[in-house]
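Quick setup: one chain, the form predicted on its own, written in structure tokens, and binding and motion questions come after.
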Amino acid sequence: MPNVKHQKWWGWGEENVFFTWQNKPAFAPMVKRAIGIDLRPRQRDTVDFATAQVPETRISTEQLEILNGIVGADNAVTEDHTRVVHWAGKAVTDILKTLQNRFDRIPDVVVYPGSEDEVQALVDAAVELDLVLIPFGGGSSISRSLQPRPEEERTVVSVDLGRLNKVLEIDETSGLARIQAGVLGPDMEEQLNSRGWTLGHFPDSFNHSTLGGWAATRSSGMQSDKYGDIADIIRGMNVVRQGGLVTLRPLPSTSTGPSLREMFIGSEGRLGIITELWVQVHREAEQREVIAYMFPTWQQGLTAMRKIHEAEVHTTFARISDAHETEFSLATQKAPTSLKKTISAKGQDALWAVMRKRGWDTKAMCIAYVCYEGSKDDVARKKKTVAGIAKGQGALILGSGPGALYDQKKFDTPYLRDFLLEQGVIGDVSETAAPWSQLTTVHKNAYAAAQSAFEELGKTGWIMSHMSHSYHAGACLYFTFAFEISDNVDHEYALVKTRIQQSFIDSGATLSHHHGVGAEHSPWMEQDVSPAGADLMRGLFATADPGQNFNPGKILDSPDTLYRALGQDQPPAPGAQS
């Protein structure tokens, strides 16, 4: 068995890491108000794999012998645990199905190639033998881009790139690094940091996702305001396809027809397997500081975020939570365990009281975090400019204490979903992007769409949002929703999620800013890129992969959409849903 790190088979992240609410005195009352349930102590520390009812592998002896000959017998695995780890990503519905033993179709074998040549041999064999190849990085996808099609009859091979995990070289003059696609975020940063460099790309899934996965799903990291989205960071790549290797050199810019680099970024394994990437890297900053601000209202906070961008203040990130997410954030504060923390907590309560006396509605206030990097003088200059903008929108500067706490806990949020599932609650996300002029409308309509679904289901539900990833023309809005589930969970989840997603399209926003398409978002592709654009993409896939050997059923025309759970074939016409 190869030495490749994976997440636990039954949930997000690592074993023995949990969300705990008992040390957060405001959390249980907030959950009661939001979704109407009383929290119970956690009872599930782990799940015995012996409870998993795993379908048998369908791979033939002849096929397995061929794969063994390519990667070695130790690196072609048909053992049940490994196959289940690779059967899906970590969408909340993936985790729920895993816990309920609802394995629609799992890989028949997991292979771990140790070189680009082995990947090429796997691809050529798959085409010849008519196998299905699904590239696998960290398994953190939440758009259902890793599952085989439920009706797939051919042998399914999960290609785990975890052995391809090295920073191969750094061009220090150009600020470029050549890195293998299977490296996990922390391992890559450790290798870069040891030489004084950083990629600067930190998605929520950072601890459990890979460089190749970021490329394949068109990822965006928390610090994209400074370092760019993954599409900005990638300058070249190697992609293995049937019959040959596509090599794109790390050039600053080219005028060579339609961009092959852009074509492969976000292709989710439909066009081949990404094995190496040339990426932009940066020297580690001399100073880094995260400052928190509290705004009286969401609209004032949004305006401040836009003005920061207009002023060309080069922040590392600037994000603001709406009132609901601010309430949630404050409710996750731990009870003070020292005199210093007790005094700080009392000071915060006193501050809110003063703000109320000054006319603030503390139920409407919105917390923002802005990160600054650079030299000491550069950071001071940026902070001064942003302070002026924030105060111009009525903000209170909370300082670096809350900002540092946010920076430390930023990768922990996904564990909350596992906790909620044990409580009988679905907690999930939908994210989008839109022009600055449309953000308020998108936000309002998403709230209304979620509420209409909650009311139709007769449930008390919760939705909250934050703005992040600023651009010249607009920004990303990231929504989290939660509600108590019943035995009809597939229908309930599909109704809420499709309502929110359709509201994005109806409001002039995109189906996803950085989570990719997969099967989850496939129904909205024609509305997003136009029917003619979708047809062009279908033509590309049909020509590039005539045998449908490369992760079929993703991005377009997925047979396994959320609308299936609603008894529908496709979304309603834009604007037609209630």
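Numbers for residues come from their place in the sequence shown, where the first is 1. Keep in mind that what you see is a predicted model, and the values were worked out from it rather than measured.
FYI, the form predicted together with another copy of the chain isn't displayed, but the following is about it.
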*asked:* Please identify, from 134-142, 152-160, 166-174, 108-116, the stretch that has a heavy atom within 4.5 Å of another copy of the chain in the predicted bound form.
replied: 166-174
*asked:* Would you classify residue 522 as touching another copy of the chain in the predicted bound form, given a 4.5 Å non-hydrogen atom cut-off?
replied: no
*Is residue 414 a contact residue for another copy of the chain in the predicted bound form, using a 4.5 Å heavy atom cut-off?*
no
*asked:* Given that another copy of the chain is not shown alongside this chain, does residue 61 nevertheless sit within 4.5 Å of it in the predicted bound form, heavy atom to heavy atom?
replied: no
*Classify residue 363 as contacting or not contacting another copy of the chain in the predicted bound form by the rule of any non-hydrogen atom within 4.5 angstroms, answering yes or no.*
no
*Of the options 104, 79, 455, 310, which one has a non-hydrogen atom that comes within 4.5 Å of another copy of the chain in the predicted bound form?*
310
_Just to confirm, with a 4.5 Å cut-off on non-hydrogen atoms, which of 259, 193, 400, 451 contacts another copy of the chain in the predicted bound form?_
259
*Using a 4.5 Å cut-off on heavy atoms, which residues of 180-215 contact another copy of the chain in the predicted bound form?*
none
